[in-house]
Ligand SMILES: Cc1cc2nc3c(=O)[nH]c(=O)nc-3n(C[C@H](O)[C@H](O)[C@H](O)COP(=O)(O)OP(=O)(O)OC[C@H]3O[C@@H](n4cnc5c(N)ncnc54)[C@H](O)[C@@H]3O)c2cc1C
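One chain is shown next in structure tokens, namely the form predicted on its own.
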């Protein structure tokens, strides 16, 4: 490791998924100097939709029209759930702040209200979510009203079939039609990739040729659905051009990961981090984390010669297994950086139900760190591991974010709550 003096920050965020990005954003908005360590690659698998809470209780798969009514039910029925521990006013404020930041980076969302929305997916199912990109909103309205609608796909784009969607939804939405066309300039290619097409549609000539292919197919359609590939960094402009050219509302349908909406989301968040002055170490990981009084020292690897960072507070946003915040062997699950105790079934046999599709879900999906009222993870003695170490997002115990459809809500809400604690504790430290 280099002997260069460690750089100092108010807060270090370990992890660059949704929770880590939200924590870095909220820290910067409070005027805290912040460094973020880790790759945001997991966001590439995002649909672009930001769930808050749709299902409660999970075992009954009860869908809620209002995410805030769902939060109230969660607080009554599972008060220990991390999302239930954030007051609804803070959840609202956190979402407004997060979505406003994305909008400032060119990724606009529909105005946030009191209701969840139903969005069709690339396999013809219906997903319940909260914050919806503007490019997808017309599909919410078309689905709600069962409008005559044309779904279009492109020959060679194997990850998306308009025909499959129309057939799957035919019983409940008989006014759906589907058409397949060649993508201009790519006719000779046997296989197409959404990101390539999204970039191509940022070219005016390609866009106009594509619109000209679709327009004669409209018939009685009052809306047109397309795979989510209407531009990468210019999605709002490309989407507006399609609506103007076709003369009807146009909506994108989320595609299979890795997806164009995931690329957009990652790009927007990276732009936000840069604009807010967050320092980032995208290709680094934390080799060692130690504490000395009021300061934490992070030894990084992945940087030539190594690097040391000092911070007044640290936020663990490392996720579960896919983010490598948790690791497992045949005996147990462990937290990867500090070896913090993980709440988990007593034996390996208790990790999973015998029925893979058991509505209760699997206990391993609720494993994670236990945190105190200030979001500080507990050590083996049931005390906070360090007074200014905080844990947020999916690494926290007592939640099954995927089945509850609350992944973004969990990330954004707990990030907001933890950064409030960080800000308060740093102010108290500076006042001494």
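Positions refer to the first chain, counted from 1. Please read all numbers here as calculations on a predicted model, not as lab measurements.
Below, we refer to the form predicted in complex with the named molecule, which is not included among the displayed structures.
Shown alone here, residue 261 lies farther than 4.5 Å from the named molecule in the predicted bound form, counting heavy atoms only. By the criterion of a heavy atom within 4.5 Å, residue 184 is excluded from the residues contacting the named molecule in the predicted bound form. Although the partner is absent here, residue 286 is a contact residue: one of its heavy atoms lies within 4.5 angstroms of the named molecule in the predicted bound form. Looking at residue 67, you'd find every heavy atom of it more than 4.5 angstroms from the named molecule in the predicted bound form.
Here is the short version: of 127, 352, 85, 163, the single residue with a heavy atom within 4.5 Å of the named molecule in the predicted bound form is 127. Think of it this way: in the predicted bound form, the named molecule has a heavy atom of just one of 214, 147, 337, 279 within 4.5 Å, and the residue is 337. Screening 59-67, 37-45, 359-367, 383-391 for residues having heavy atoms within 4.5 Å of the named molecule in the predicted bound form returns a single hit, 37-45.
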